[in-house]
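Read the single chain below, which is given as structure tokens and is the form predicted on its own.
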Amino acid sequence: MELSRLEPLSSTKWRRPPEGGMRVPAIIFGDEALVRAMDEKVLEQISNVARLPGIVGAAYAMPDAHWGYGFPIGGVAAFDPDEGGVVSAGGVGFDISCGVRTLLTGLKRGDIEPQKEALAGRLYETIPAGLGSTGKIRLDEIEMDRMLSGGARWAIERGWGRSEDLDRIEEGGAMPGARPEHVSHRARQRQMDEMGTLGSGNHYLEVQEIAAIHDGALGKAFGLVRGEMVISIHCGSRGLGHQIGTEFLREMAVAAPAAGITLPDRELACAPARSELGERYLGAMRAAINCAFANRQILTHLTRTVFREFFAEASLSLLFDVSHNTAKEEEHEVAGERRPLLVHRKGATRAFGARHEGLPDAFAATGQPVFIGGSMGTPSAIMVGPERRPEEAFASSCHGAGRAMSRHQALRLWHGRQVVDELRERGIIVKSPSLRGVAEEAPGAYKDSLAVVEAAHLAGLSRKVATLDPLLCIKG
């Protein structure tokens, strides 16, 4: 990206002033090297977001930002529904409520190493992964409605988890305002056999070692101990969320002119949040959030079942579960005034600091955990919401390293077997049904995860708590 088009506000914050129809500035987070390496399309896309009706504050791109559909992945924007603000299906993304939950094991690397091969094999056999993967759970229409309304609570009521898990899931595991009746028959069909499945692309289940603790007090509060192992599960609402996104993007694009909306890019299809179409989308999207909560809850149950076979003493307690493809109604300070806004986070995660009214009791004193994932062979991070008020970017942080190249480019540089073998030489086991998928997700296809984490920390988006190194990975 050409930096001459941006004003440096700090070493990790860059501004493009409003121009050419932009209603607010565009802000990009990242150090100079990260921003220079971003595709010019990121600036174009976030500037187009800044043109949408009802946007407030600024349109933001996180340090991991890269070219996406409409919004850049790593894009954040908030709209005032009472001032003509819109909801954009492209600003949420196709994998609605894709997110990460992390489990504590209390196990050391020395406990895992002798069992590593067998453990990886059992996890791979137990947790369906890959494109179009299906599980052993099949939902009829009645159970589909209950799942779309109940989220993780529905799953726990059916024996897939523990009631205490709900205290450590965003929204308590069930998103209010879900409207299952706005989820199409086709979306339901696609999800009927996909509960408890990992999916494909950048989704994973990873066993990781806590390699470093950067904040001792927060590490202790979160139950993190250097040298112990955690498990991170990254997936979303599978085929149901993708279908909802596809259908509403098409409908919003067609309906935009009648609503008086001129789209700077058709991929930014949107509708007034208070319109009939906007309300239908929000109801369906919230149902998809519940689908993702339920899916990650079932995957947690399956993971616990496998670990009990090897380590009877490991409880696998839940640290936290947070999504990164959502649009949520939240109150934020704008120009010194608290206002209800509809915050879109696409490839970005909520990052509430201590004493935020939206936090569960478990994190009221600390702020919520924020997870920034690596890619198979690269470190991940546990962060925490910032101390400053008001928070940057409507209390949002990046969610991963972010792609440095397209999947097609990655396929030209790597073969899946080569990636698997190279990682095994480093002591990292990767199991996947698709060697092509492994090549597309090669660690070298992503930005330096530690550089992204450091940029988020310095920018005040979230604060470093721990660094995690991968040991074994079940890859979609």
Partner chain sequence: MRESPKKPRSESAPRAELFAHGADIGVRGIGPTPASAFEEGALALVMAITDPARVAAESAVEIRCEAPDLGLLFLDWLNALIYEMAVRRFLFGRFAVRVDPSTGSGHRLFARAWGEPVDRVRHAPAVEPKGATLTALKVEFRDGAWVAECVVDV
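Positions refer to the first chain, counted from 1. Everything numeric here is computed off the predicted structure, so don't read it as measured data.
Missing here is the form predicted in complex with the partner chain; even so, the following discussion is about that form.
Here the chain stands by itself, but in the predicted complex one stretch of 275-283, 151-159, 186-194, 305-313, 186-194, has heavy atoms within 4.5 Å of the partner chain. With the partner omitted from this view, the residue of 412, 426, 36, 417 that lies near the partner chain in the predicted complex is 412 [heavy atom within 4.5 Å]. Just one of 324, 344, 238, 101 comes within 4.5 Å of the partner chain in the predicted complex, counting any heavy atom, and that one is 238. Put simply, residue 142 is far from the partner chain in the predicted complex: not one heavy atom of it is within 4.5 Å.
Residue 267 belongs to the set of residues with a heavy atom inside 4.5 Å of the partner chain in the predicted complex. The partner chain is not drawn, but in the predicted complex it has no heavy atom within 4.5 Å of residue 375. Interface residue remark: residue 390 is not counted as part of the site for the partner chain in the predicted complex, having no heavy atom within 4.5 Å. The partner is not shown here, but in the predicted complex the stretch 394-417 reaches within 4.5 angstroms of the partner chain through a heavy atom at 403, 405, 406, 407, 408, 411, 412.
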